[in-house]
Structures are given as C-alpha cells and as structure tokens.
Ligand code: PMP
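Just the one chain here, the form predicted alone, laid out as structure tokens.
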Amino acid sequence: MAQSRLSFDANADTPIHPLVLEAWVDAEQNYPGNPASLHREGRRAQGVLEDARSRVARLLQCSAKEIIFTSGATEGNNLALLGMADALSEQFGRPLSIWTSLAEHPSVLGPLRMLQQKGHLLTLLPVGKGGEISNEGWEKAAAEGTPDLIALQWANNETGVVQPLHLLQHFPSTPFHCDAVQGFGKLPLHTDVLRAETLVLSGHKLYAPKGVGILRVSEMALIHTILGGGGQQNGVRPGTESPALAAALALALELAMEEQRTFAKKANQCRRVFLDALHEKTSRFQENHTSKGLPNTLNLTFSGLDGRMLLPACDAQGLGLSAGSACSSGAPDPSPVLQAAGLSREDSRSSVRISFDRNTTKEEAHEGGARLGETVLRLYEIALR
C-alpha cells in the first residue's frame, strides 16, 4: 500500500486558507472592475483595494499611504533596495556603504550584488550557527564606519534563526530594509521590525494566493521609482492592482496575526515530536537550527550521506522536504547559508529543512520523523557497502 504524502515545506509555500480563498473568489466575482477606472465598476473595485490597504496598514501600524501591493517579496526587495540606493546615492553624491549578512535570501543578495557592480561598497556580515549574525562581525564592521543602508532579514528561511535586529539601535539614522517574510505570523511583531523604512511580506508564505505581497515604504523613506508606468501606488509600483488578491492577502495577514501564539505553540510541539521520533531511529544527525528560532523550522545535517540521494529518497518515502536550493537537474545545491555558518560543502549538501504549516498535526510530525529516520538508516547502510 502506498504511503500517504507528508509535506513539511511550509517555508517554501503554504496551502491557501479556506476563508482567504472565499475572500478572493468573492472579490474576483463581485468586483471585477479595474480600480483605476472612473466608472462605477472601477470605483467599487477601488473601494475593495483601499479597504485591504487600510487593513494591512493597521496590522503594520502605519499609514495606508505606505502600503504598496506587489507580486511578492522578490519584487518588493528589488523595488526597495534599488529605489533607496538610487535616491540615497543621489542625495549623498557618492557610492553607498551597504551592510547585509551572508544569510540573506537571494532576492535580497541579488539586487545588492547589482548595486555592488555599480560601485557601491557591500559589506557581508559574517554569521555563526544557523546563520545568525555574529557579534564579532558586527563590531568589526561598526569600527570601520557608519553604513548608509542596512538590509537584514527578520528570520532565516532555511534554519529559522532570528536575527539580532536590536543591534540596529546603534545606527538609528541609517535606513533599514527588512525582509520580514518568514517571521510574520510565526513570531510576535516587534518594534525592531516595524522601525524599518522598507519592509516586505509574501502572500503565499502566509496562506494567501501566490502572486501577491506587500512592500511597506515609510513616509520618511527616501526612495526613487525604478519602474515606469501609469503612476499607480505613488509610482513605486505602477501597474494595475488586483483588488481580489489584495483582499485575500489582507485577510490572510489578519488571520496570521490572530493565530500567531496558537500556531507557535502547536509548531513547537511538532518540532519536539518530530525530533523525538527521529531520535528513536537514529542519532546520526546535527541540528543547524536554534532553540530561539522560528517555532516551525528544523534544519538537519546527515554527515556522510550523498545529498543527491537524500531528498529523492525522502520523496520516494512520501516526505516533502527541501534543501537550501536546487539546481536545474533537481540535485540539491550546497546551501550558501549553511556554508557561511561553518558547515563544509559536503555537509551543507547533506542537509534538509523541515518546516510545518498551520495544518500539521503532532501525529503527522511523529510519522514524518520516523519515516525520515528509516530513510536515513537505509542510506547509511548503502553508503557503508
């Protein structure tokens, strides 16, 4: 009999919440107009859009004018970083000093590398276990001067580590961009996050449809537009907005905030159950996450196993897990985050991420841990032949 599928990849994608799906369908069917049109249908669609914008603003404790709807975090990170760098370098009349960490998501490191190629100085802060910024690296960088722009994630998508954003208090005047995708709905919303001049969220990580996200641009932020178009959303993100996607995302964010404590408690229980079940089968693994990280995330290294076999073997046993990234052939590419945190290329390749969503039960977590343990034991037997 075929085993049931168990998906533990919530940090990559989440199933749409039933209530959020209802909200999307309702808005799409009943408010189909273009929100920029001046006729009645357009004004009704605009009403749905602006209601969603106001609801998101209440959650992020800001003005509705600061909320920009995007296609997701990648677009938001590019709009924010490229737009702020352009504005700040024009104001200062020189290239910028930009700080980020070696553990950032590719959608942050990508535009920052583009800025580096244009002559801006990019400082990549070193990280320790799990990808957490090291105090030594921070102090060394701080001793060399004050940055013009800082870009840091709230929590890491691979290991779940929460970054020490309180360190930003040492540079209160430096603009800060926060990739808050993984932290929202899993951690209490903190003032260190809300103080960011620009902040991004992604809908499909929060039980909303794919293709919608948030870029919050503070009224105090200095930012240039990098896209041309019809001037929608203050020109920061011109183009026709989707009232249905905006309404769905607003509800998803509200539900995530309401359920944050409950989710964190349940996810922590699943973490413990999963690890206990895995320990019953094998102890031949290393934990790369930290106890103070995201409540739903585990990152494990199985030293000595061929990473090209590990994920396919898990998939064959009905386990939907992930590595840091994947190449076009489907074989796991060594995680840059884990390598920056001190793991070898081989150990980074032999690592998996387990992340639970709101629907994961303790029974599923136990079964998943047991299945992973059995799979790993078989692979170790093969490796020793």
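Not measured: the values here are computed from a predicted model. One rule holds for the numbers: they count along the sequence shown, beginning at 1.
Keep in mind that the form predicted in complex with this ligand is missing from the display, and what follows is about it.
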Based on heavy atom distances of 4.5 Å or less, which listed stretch (140 to 148, 121 to 129, 103 to 111, 86 to 94) is in contact with this ligand in the predicted complex?
103 to 111
Do residue 179 and this ligand share at least one heavy atom pair within 4.5 Å in the predicted complex?
yes
At 4.5 Å between heavy atoms, is residue 216 in contact with this ligand in the predicted complex?
no
Classify residue 288 as contacting or not contacting this ligand in the predicted complex by the rule of any non-hydrogen atom within 4.5 angstroms, answering yes or no.
no
May I ask you to check whether residue 72 falls inside a 4.5 Å heavy atom distance of this ligand in the predicted complex?
yes
Answer option from 157, 299, 163, 296, heavy atom within 4.5 Å of this ligand in the predicted complex
157
Any residue of 197 to 214 that, in the predicted complex, places a heavy atom within 4.5 Å of this ligand
202, 204, 205
